[in-house]
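Starting off, we have a lone chain in the form predicted on its own, written out as structure tokens.
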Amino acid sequence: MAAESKQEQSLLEKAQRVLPGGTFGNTAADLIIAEGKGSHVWDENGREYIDYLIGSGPMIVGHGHPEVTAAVRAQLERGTTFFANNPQGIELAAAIADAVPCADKVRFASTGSEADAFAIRLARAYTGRDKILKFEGGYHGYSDYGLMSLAPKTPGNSPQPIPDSAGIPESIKEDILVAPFNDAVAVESLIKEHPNAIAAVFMEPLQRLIPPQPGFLEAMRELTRAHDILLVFDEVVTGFRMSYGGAQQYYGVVPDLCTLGKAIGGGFPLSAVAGREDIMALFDANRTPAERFVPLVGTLSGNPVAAAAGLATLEILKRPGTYERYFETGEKLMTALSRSLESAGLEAQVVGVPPMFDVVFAPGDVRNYQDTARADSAKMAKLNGLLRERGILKGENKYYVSTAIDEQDVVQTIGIWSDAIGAMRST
């Protein structure tokens, strides 16, 4: 890595003084990103990276896209927040309702964690039931309910959930059931063991990087419908990324509710709960008995600056050919990474879909969290470090592809992979 500048060193020291662990909690403390443009970012020391972190997903059209920047700048001149309906938020809700198959109505929040927590509450209020069935390894935000069996140290404890954080009450365990992803038989068994008790099957249609097996999502739709359980898709990540209508459009399975985030805010804090008219009516005090009403109020919910950025982002994404090019780029990258690993003789595979993928250092099929838990995390950390040294920035377990990645980026990325993987093989 390049030598630290005095400015960077000063910031690192200040971060250690004022931040727990010297970090916001997202990335390593020694990484300070100062600028982003298109598909690249620069750290405080001026080192340039091809960006496959993209803010953990929101910058799907790249950093500083001129149309998004213009929309934000125009709104800034008119005001930053009002705690009231505004034209940009209304138009964004309409765009979401037009695009997302399950979305009759939309209600905004600020973060994916908030949207997921509200969707859980909404499902319970609608059904009058308390239990939520989720999948081991599924991420649904940082609420007490979301942080159950996301990354259990001893996987395979279905149906009992394991808290992923200190401070979560023991009582939470009573209302969460856990099943292995891609196992419809296990889900059906749990539903039958808890008749009339489960409010929702709450799931990522593509769990982290693991695709659903053929027929799995369809089975979830059939089972939930047969037992009067709501099917909720967490599309905070997959919404407007897998297709313009999200993973539910891509896979052809429509849930009752979904949550959205990341892409819909264009780089600003914004999320949403969207779904069927009769379920979403519980957010409307004028249409719902007081005992069933679910309040959802947020100081920045539907913020006009975030909505303006989101509208501009969606306008870019829905243009003809955008997703075809996007997937073509991702497929090139996945193929090249697989070939590089194979040529190096490493026991590893590329898992995911063209918009987001990564290496799993383990043999055999990857169908659920237990399969990913077999992976060699030390090798993954080693490769990530080698890549960062050579100018690729990514998350610990994911490459996010943006539409800003061009052919030159692809060629450069492949070269860096070859060099870094070669260095791994020689150590």
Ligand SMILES: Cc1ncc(COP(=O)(O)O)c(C=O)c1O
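The numbering used is simple: start at 1 and walk along the sequence shown. The shown structure was predicted, so the numbers you read here are calculated from the model rather than taken from an experiment.
What comes next is about the form predicted together with the ligand, which does not appear here.
This chain is drawn without the ligand; in the predicted bound form, the residue among G141, G267, P355, P152 with a heavy atom within 4.5 Å of it is G141. Think of it this way: in the predicted bound form, the ligand has a heavy atom of just one of H194, R339, R208, R124 within 4.5 Å, and the residue is R208. Taking the partner from the other structure, the ligand in the predicted bound form has a heavy atom within 4.5 Å of a heavy atom of T111.
Residue contact check for V236: one or more of its heavy atoms lie within 4.5 Å of the ligand in the predicted bound form. Contact annotation: D256 falls outside 4.5 Å of the ligand in the predicted bound form, judged by heavy atom distances. Using a 4.5 angstroms limit between non-hydrogen atoms, D116 touches the ligand in the predicted bound form. Judged by heavy atoms within 4.5 Å of the ligand in the predicted bound form, the contact stretch among the candidates 182-190, 286-294, 73-81, 228-236 is 228-236.
Although the ligand is not shown here, in the predicted bound form the stretch 251-269 places heavy atoms of just one residue, K262, within 4.5 Å of it.
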